[in-house]
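Single chain ahead, written as structure tokens, the form predicted alone.
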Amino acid sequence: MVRAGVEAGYECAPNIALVKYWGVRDEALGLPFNGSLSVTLDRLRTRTWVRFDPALPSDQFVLNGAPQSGNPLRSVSEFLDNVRAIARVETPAFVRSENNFQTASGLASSASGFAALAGAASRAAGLELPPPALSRLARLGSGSACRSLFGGFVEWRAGTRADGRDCFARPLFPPSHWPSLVDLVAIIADAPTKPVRSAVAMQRTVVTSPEYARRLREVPRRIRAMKRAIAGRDAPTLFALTIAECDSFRLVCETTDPPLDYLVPASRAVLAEIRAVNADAGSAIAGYTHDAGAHVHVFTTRRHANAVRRRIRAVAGVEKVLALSPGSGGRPLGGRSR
């Protein structure tokens, strides 16, 4: 039962995919063509509070203190419709959300945002959803949101059912599994926001990229190999696989018609610098990846973190480098009665 006037909160972190999902077989349900692997990050957080209130004329959404309209409000309202359908209510909601990092720039704010919204809205609606059901709900807002509910290393299984009930994320290893793993995030100065929403861009790739079918064949093998590397904390193997996966993802984007290019010169310079770092070391001591944005994630270990960070920071156009670790999953926050 919806607890009218009671505000419920939830906090989630963004995740970075080591194996990407790109393209869905069912747009309404957000069912991907391939599974994926990710790492949930520490320090970067989205906090969201939801209050269902029959006195409201319609849904309202405030992001980082600014009232939202247009597509942002529409996306939140459409997601809330899923919660209302489960709870069997029609009550409008007031949503406020805060990110402590840049929004819509390739740092997975949609993942942490919709994961936090799923947790907060379901609690405000009086729902007690088990983890698979909460993951399925978050997936309806943003595919990668289904992974941000869990900490550490997470697998999202694509599933095969048409109704999507077997399509949800699950934790593989906790953040403590690999304490020496470091994610150095190269924040690119003046990084542009995405000109095309990922949900639209990926379907364009599915239809037009001549490389897409080959990528789908490669992904299951890459996931299996990455899971073995993570289980054994095999850094050189994981980093080499991460680079190969990122290059594969970028290839299908660049061969989309018209091409999708999320990188800027500074981003590409970071990729080149990591290749040089590995060549100088004679093995893969670092591995890069990026999502649909200009910022670059570079995985390495604490042993090499300072040296790799200096090399990245020296690249022209890199504003700063964040040092992150595998982080915890989502958690409830206190709300208040109105």
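For clarity, every value in this text was computed on a predicted model and none was experimentally measured. Numbers for residues come from their place in the sequence shown, where the first is 1.
Below: the form predicted together with a small molecule, not depicted.
Trainee: Answer with one of 277, 31, 269, 292: the residue that has a non-hydrogen atom within 4.5 Å of the small molecule in the predicted bound form.
Mentor: Flagged contact: 292.
Trainee: Report the residue, out of 127, 240, 231, 199, that has at least one non-hydrogen atom within 4.5 angstroms of the small molecule in the predicted bound form.
Mentor: Result of the distance check: 199.
Trainee: Going by heavy atoms within 4.5 Å, which of 144-152, 163-171, 74-82, 118-126 lines up against the small molecule in the predicted bound form?
Mentor: That would be stretch 144-152.
Trainee: With the cut-off set at 4.5 Å between non-hydrogen atoms, does residue 17 touch the small molecule in the predicted bound form?
Mentor: Residue 17: yes, in contact with the small molecule in the predicted bound form.
Trainee: Taking 4.5 angstroms as the cut-off for heavy atoms, does residue 10 touch the small molecule in the predicted bound form?
Mentor: Contact check for residue 10: no, nothing within 4.5 Å of the small molecule in the predicted bound form.
Trainee: Look up in the predicted bound form whether residue 97 has a non-hydrogen atom within 4.5 angstroms of the small molecule, and give yes or no.
Mentor: Because no heavy atom of residue 97 falls inside 4.5 Å of the small molecule in the predicted bound form, the answer is no.
Trainee: Just checking whether residue 110 would be counted as a contact of the small molecule in the predicted bound form - the rule being heavy atoms within 4.5 angstroms.
Mentor: Yes, residue 110 sits close enough to the small molecule in the predicted bound form that at least one of its heavy atoms falls within 4.5 Å.
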